[in-house]
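First, one chain by itself: the form predicted on its own, in structure tokens.
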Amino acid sequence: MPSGRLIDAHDREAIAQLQFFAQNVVEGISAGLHRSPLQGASVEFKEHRQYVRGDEIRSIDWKLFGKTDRLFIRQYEDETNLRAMLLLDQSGSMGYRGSRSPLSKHAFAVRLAACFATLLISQQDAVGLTTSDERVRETLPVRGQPQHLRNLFHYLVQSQPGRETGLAQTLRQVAPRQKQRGLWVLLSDCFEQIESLVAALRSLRHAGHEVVVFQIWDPDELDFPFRQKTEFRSLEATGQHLVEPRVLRDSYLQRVREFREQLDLALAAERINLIACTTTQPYSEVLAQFLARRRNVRRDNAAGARR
């Protein structure tokens, strides 16, 4: 598929109305929209600190000096651009497409990644891409130039679902390369041992990164619509089974509920955003709904801080 068809005109118009702000302090390389740990002559006052020899005279708050007879420096919170890494799961299970879905889970993830990358580049942020199944397949460095988006789209189009899942191993391998604090976005069905996956994501949080997980489902996986005797084949390993779905349905749905609840609770405990979506949803709307919910959280947090 040509990379130009990853996002249609409707999606581009929808993306143009969106804006993403990092929740955590990030470290970029140029001026931007997000809070930086660096302090400089920016737009938002942060705090005072006592003057020490060598500080610039122009940074002294003379009004405060007049009130306290002591010298203080006004410090500002610099704003910077965001550095984001998209991690695309191309394990075999992502290749599933049910009869009700226009796209496989992998194809949906590719388009959602393209939407997110377009949004970030449009607001002068930097974005990279890692694709993996049981090991890292491709890595595109984090960059922010407009032409970089074409390269990223090319990698997305070339990506194909492959072998078994190895998300935790992939994260442990690629995370040390991203030394500056930024954003990690995982696009996956998260079909892996919860403990291993959460431990790998926790290490990113401890390193100061913000982490967002888009968990992608096919509707078949959520409601198990099969009624007739069906042959099920593994998408990640050899083997096939002819089963009676009505016998398995209740136990399968119970396991899915437990898996979703456990993952949700585990990620919430690490303050990691989890967004569950299905392949029948418009991918630009998934992104828009996520950002709307995020704005509400930011507004509530700001109101709580003022109180």
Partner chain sequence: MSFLNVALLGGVAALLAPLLIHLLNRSRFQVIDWGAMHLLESALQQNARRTEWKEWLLLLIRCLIPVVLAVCLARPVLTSFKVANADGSRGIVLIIDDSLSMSKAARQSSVFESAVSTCREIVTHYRQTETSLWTACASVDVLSGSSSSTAQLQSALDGLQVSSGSMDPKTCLADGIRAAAELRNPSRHIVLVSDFLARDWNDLTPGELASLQTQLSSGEFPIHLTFLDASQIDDRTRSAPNLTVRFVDEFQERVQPSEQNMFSVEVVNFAARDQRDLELVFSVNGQQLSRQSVDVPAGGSEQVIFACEFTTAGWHSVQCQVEDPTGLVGDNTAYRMVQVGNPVEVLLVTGQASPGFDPQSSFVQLALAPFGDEEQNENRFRVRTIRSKELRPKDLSSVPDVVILSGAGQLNQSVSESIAELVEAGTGLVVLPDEDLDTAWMNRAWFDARRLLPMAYGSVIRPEQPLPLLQAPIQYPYLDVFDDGQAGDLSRWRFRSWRELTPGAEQEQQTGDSPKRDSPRVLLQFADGSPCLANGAYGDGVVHQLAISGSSRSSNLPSQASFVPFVQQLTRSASGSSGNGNLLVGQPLDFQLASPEGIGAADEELKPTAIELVPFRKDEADIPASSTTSKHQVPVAELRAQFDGLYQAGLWSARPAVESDATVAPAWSVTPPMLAVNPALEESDLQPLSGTQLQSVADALGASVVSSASEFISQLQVQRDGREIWRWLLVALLVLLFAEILLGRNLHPVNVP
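So that the term is clear: the rigid core is the largest set of C-alpha atoms that superpose within 1.5 Å between two forms. Numbering follows the first chain given and starts at 1. These numbers come from a predicted model, not from an experiment.
Note that the form predicted in complex with the partner chain isn't included here; everything after this is about it.
- The stretch that touches the partner chain in the predicted bound form, counting heavy atoms within 4.5 Å, is 220-228, out of 180-188, 220-228, 200-208, 108-116.
- Contact between Phe259 and the partner chain in the predicted bound form is found at the 4.5 Å heavy atom cutoff.
- Among residues of the shown chain, Gln50 is not one whose heavy atoms approach the partner chain to within 4.5 Å in the predicted bound form.
- Using a 4.5 angstroms threshold between heavy atoms, Tyr155 stays clear of the partner chain in the predicted bound form.
- The closest heavy atom approach of Gly239 to the partner chain in the predicted bound form falls within 4.5 Å.
- Proximity to the partner chain in the predicted bound form, taken as a non-hydrogen atom within 4.5 angstroms, holds for one residue of Arg70, Arg255, Lys63, Arg271, which is Arg255.
- Between the partner chain and the residues Ala175, Leu103, Ile121, Leu235, the one pair within 4.5 Å by heavy atoms in the predicted bound form involves Leu235.
- Within 4.5 angstroms of the partner chain in the predicted bound form, the stretch 244-266 places a non-hydrogen atom from each of Glu244, Arg246, Val247, Leu248, Arg249, Ser251, Tyr252, Arg255, Val256, Phe259, taken in sequence order.
- In the core-superposed comparison between this form and the one not shown, the C-alpha atom of Thr238 has shifted by at least 2 angstroms.
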